[in-house]
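A single chain comes next, written as structure tokens; it is the form predicted alone.
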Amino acid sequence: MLRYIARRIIQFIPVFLGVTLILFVMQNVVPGDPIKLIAGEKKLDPQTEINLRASYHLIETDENGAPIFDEEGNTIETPLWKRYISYITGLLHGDLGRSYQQNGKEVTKILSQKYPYTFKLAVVAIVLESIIGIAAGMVSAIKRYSAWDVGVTLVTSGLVAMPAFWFGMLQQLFWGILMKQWTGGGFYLPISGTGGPYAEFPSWVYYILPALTLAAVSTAYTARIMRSQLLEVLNQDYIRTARAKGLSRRAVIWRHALKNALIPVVTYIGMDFGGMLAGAILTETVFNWPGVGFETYRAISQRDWPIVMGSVTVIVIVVMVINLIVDISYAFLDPRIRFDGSNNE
């Protein structure tokens, strides 16, 4: 197991370097001068502009951070490769750079303030997805071709075809606006924000609609995967043998079929959880949720590339770690899977 984990971590290195390199190059080929974006409509005096370019490592500097000039008195632009090495070096020390639009605030601090909101929303959404999706898939498989099966199929098909942002706005319209009108303000749900000490609702209520929106499509896929896998496992020879030994249907499903059927489901849920932890841009934007996704959306619209780069870097790390955890979990779900033998993976 330890050898497998070490090998997977080594495999992460080229993936991480490749993703960050592509993003770094894209950041620098997109039209627009970051220093002019910082200044906005204001015109900077030449010395202030030079100092800003030096502070963001856009021009060459000496050991003391002072700009270096060529023979004609012009600043020397820092080569792209040198800036990338500087970025990776800073990254290894926990430095994700400084924001262009937030007065040079460190990206690490910005993301550390936003990430707890994304994490808590992702946990609530993944719990809903796991419980509802697995339960619906099991019921659909066990009661195949029944009204339950048809109902699950219709609901999941509708959710899969529905864009997340549109589903979120429908929930805002129904639970936040129409319900308030119909009940005269007696019952409705908040449609944006996260609450606070003077909020109208308890803090947990603000998670309901964003979490349902974030989990909706994924829950539908989880139910579909669970149904198909459980049906496949129930047709295996060892299941027939278990039934022939006189085991009850419940014992066959819970003791023998469920673990094997859960392997693809765990894979999907794990990868989906990694995506949620990376920040759900559409959901967080629709519900004005102050997480990483909404911050990334705002940074893209303002071309605040250090925040975009920092967010994507965190996304890559989170997804790789979640994938590793999912792979390791296979051995606990199916004892036949081992990572250290000759037939591992």
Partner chain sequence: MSDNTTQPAGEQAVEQAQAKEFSAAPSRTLWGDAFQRLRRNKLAVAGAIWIILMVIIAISADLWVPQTLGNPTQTDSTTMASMSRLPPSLEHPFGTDTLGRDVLCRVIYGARISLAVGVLATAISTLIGLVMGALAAYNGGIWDTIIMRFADIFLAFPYTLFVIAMLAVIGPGIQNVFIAIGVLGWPSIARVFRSAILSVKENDYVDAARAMGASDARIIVRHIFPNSVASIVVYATMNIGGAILTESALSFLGMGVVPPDPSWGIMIQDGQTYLATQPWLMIMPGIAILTTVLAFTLLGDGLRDALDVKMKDA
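Quick caveat: nothing in here was measured; it's all calculated off a predicted structure. Numbering follows the first chain given and starts at 1.
Absent from the display: the form predicted in complex with its partner chain. The rest refers to it.
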_Each of Arg224, Ile300 and Met320 within 4.5 Å of its partner chain in the model of the complex, by any heavy atom, yes or no?_
yes
*Could you work out which of Val127, Ile177, Leu92, Ile76 is the residue within 4.5 angstroms of its partner chain in the model of the complex, going by heavy atoms?*
Ile177
*Could you tell me if Thr61 has a non-hydrogen atom within 4.5 Å of its partner chain in the model of the complex?*
no
*Heavy atoms within 4.5 Å of its partner chain in the model of the complex: does Leu282 have any?*
yes
*asked:* Taking its partner chain as it sits in the model of the complex, is Gln172 in contact with it (heavy atom to heavy atom, 4.5 Å or less)?
replied: yes
*Exercise: Trp81 in contact with its partner chain in the model of the complex, heavy atom 4.5 Å*: no
_Listed range touching its partner chain, judged in the model of the complex by heavy atoms within 4.5 Å, from 116 to 124, 156 to 164, 102 to 110, 207 to 215_ = 156 to 164
_Members of 10 to 28 lying within 4.5 angstroms of its partner chain, judged by heavy atom, in the model of the complex_ = Gln11, Pro14, Val15, Gly18, Val19, Ile22, Leu23, Met26
